[in-house]
Structure formats: C-alpha cells, structure tokens
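So this first bit is one chain, no partners, the form predicted on its own, shown in structure tokens.
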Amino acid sequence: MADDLFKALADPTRRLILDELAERDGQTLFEICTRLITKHGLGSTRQAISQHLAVLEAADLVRTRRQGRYKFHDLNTAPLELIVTRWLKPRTPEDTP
C-alpha cells in the first residue's frame, strides 16, 4: 500500500486534485475538471483526470460514492497517517529550544 501511496503523491496533477478535494470535498469529475482549469490552467481531459482519480483511489486517498447517476469523490487522509507516523518521533522537552 505504501508504494501506491507514494506513486499517487508523486504526480503534480494528482496533488492538485487532492488540494481541490481538501478545499471542497464531494466533487464530481466535471467539477474537479472545471476547478483545475479555472484555478490552475490545467488543460487535461476528463479521461486523464479520471485516470488520475483511479490512481488516487487505488492508494485509498480518494473514495468514490455513487448517488443516482453521479459519482462523488471524497478525500481520505487516513493513508497519510502511515507517512506521518513512520518518521515522526515523539517530542520531548529536550527537543524544544
């Protein structure tokens, strides 16, 4: 799972998608594409963004739910705890200046 996580975070477009979902969770593919174009000038196709979302889903950073004929994408930050806890050491009073 860690390999999927690092692969997902390695791409700048995928990081922008995560930024957009962090700002406004529960977006459709169309909404994500619109925000990437208007805010970042990113001219990727819906198919390309859909493929990026699939990589993020494989890493469990994005969860997709279906309501009727629409699919909504939600940010899941739980896998990022693996990164944080791996290298984060407990703070002790001696660490603070």
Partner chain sequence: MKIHLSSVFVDDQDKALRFYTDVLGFVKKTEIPLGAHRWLTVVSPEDPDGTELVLEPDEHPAVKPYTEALVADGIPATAFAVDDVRAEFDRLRGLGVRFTQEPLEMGPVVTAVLDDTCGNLIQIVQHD
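Just so we're clear, the structure is a prediction, and the values are computed from it rather than from any experiment. Numbering follows the first chain given and starts at 1.
Below, we turn to the form predicted in complex with its partner chain, even though it does not appear here.
Within 4.5 Å of some heavy atom of its partner chain in the model of the complex lies at least one heavy atom of residue 29.
The closest heavy atom approach of residue 34 to its partner chain in the model of the complex falls within 4.5 Å.
Interface membership of residue 63, defined by any non-hydrogen atom within 4.5 Å of its partner chain in the model of the complex, is ruled out. When its partner chain is considered in the model of the complex, residue 40 lies well away from it, no heavy atom lying within 4.5 Å. Contact annotation for 51 to 76: residues with any non-hydrogen atom within 4.5 angstroms of its partner chain in the model of the complex are 66, 67, 69, 70, 71, 72, listed in sequence order.
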